[in-house]
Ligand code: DGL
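Before any questions on how it binds or moves, here is one chain, the form predicted alone, in structure tokens.
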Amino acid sequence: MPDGRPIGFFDSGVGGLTVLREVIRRLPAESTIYLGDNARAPYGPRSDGEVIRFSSECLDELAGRDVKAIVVACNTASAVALADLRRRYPVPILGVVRPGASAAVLTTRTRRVGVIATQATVRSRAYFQAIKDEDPFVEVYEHATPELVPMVERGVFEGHEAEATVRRALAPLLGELDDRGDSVFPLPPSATVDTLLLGCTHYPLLAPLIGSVAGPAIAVVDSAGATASALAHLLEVNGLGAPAGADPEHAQYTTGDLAAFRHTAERLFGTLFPSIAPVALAGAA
């Protein structure tokens, strides 16, 4: 039976908007509610306990708005908190790690995949395990790039600062040398990656710059498209798709600065979201 209730989306900030954009393209009849916990971003440097607590508070808010499914559009939360969240809530919950891992495995030709992500995601080894589950013969090189999320949250996507920051962040996986001529991340020549997985939903906002710095020999993959496909399948299997001819409604909320959030939302969606509202979470300082 069709279900017209909205799908909930949660991220630590604006990064999950990249997933929301792909879902709206793929499932234009579905209504959505997006919640960005910008006030406490980034989640990457947080402890696992904090990530689980913050994620639960955000999902409490979405569940209270009667969503029919939830997309945890945050790689850190997907890597650290997904199992706890699925035990806590009765609605289907989809993360972004496994869809992204599947996309990377399908893309690589040499079976050498680099992953850039937050400290917490790398620490969890969630992408390493998910990629190995897809193909145990793929070599996985994970690297934390904590400087990218705060830059994206500030709305810096291009220009000298962005390029310099991205170059520093990618240097280890690209085998570049430091000031002394030593490799900052000593990959043997045979371990050169041909696929770079963006293991944080903030990073697709920098995808053109990342692709330029990585060069044409390296395919850049993010989880947004794969997550949209996985969500479409989840809704179909559970009979949760919107009614035919539905007139979708979209709502966006942030715990942080409205102007900064609106800047990124308008960059991705234009005028689709005329109103962005603040929200105060129970338990948030």
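Residue indices: 1-based, along the sequence shown. For clarity, every value in this text was computed on a predicted model and none was experimentally measured.
The form predicted in complex with this ligand is left out here; the points below concern that form.
**Q** Where, among 155-163, 211-219, 195-203, 106-114, do residues come within 4.5 Å of this ligand in the model of the complex by heavy atom distance?
**A** Checking each option against the 4.5 Å cut-off leaves 195-203.
**Q** Given that the partner is absent here, does L94 sit within 4.5 Å of this ligand in the model of the complex, heavy atoms only?
**A** Although this ligand is absent here, L94 would stay clear of it in the model of the complex, with no heavy atoms inside 4.5 Å.
**Q** Does F54 reach this ligand in the model of the complex, with heavy atoms at most 4.5 Å apart?
**A** The answer is no: F54 has no heavy atom within 4.5 Å of this ligand.
**Q** Is A126 close enough to this ligand in the model of the complex to count, meaning some heavy atom within 4.5 Å?
**A** A126: no contact with this ligand in the model of the complex.
**Q** I'd like to know if V149 sits close to this ligand in the model of the complex, meaning any non-hydrogen atom pair within 4.5 angstroms.
**A** Judged by the heavy-atom cut-off of 4.5 Å, V149 is in contact with this ligand in the model of the complex.
**Q** Would G8, E30 and V71 all count as contacting this ligand in the model of the complex, using a 4.5 Å heavy atom cut-off?
**A** No, because G8, E30 and V71 lack any heavy atom that approaches this ligand to within 4.5 Å in the model of the complex.
**Q** Go through 218-251 residue by residue and record those having a heavy atom within 4.5 Å of this ligand in the model of the complex; state none if no residue qualifies.
**A** The stretch 218-251, when checked against this ligand in the model of the complex, contributes no residue at the 4.5 Å heavy-atom cut-off.
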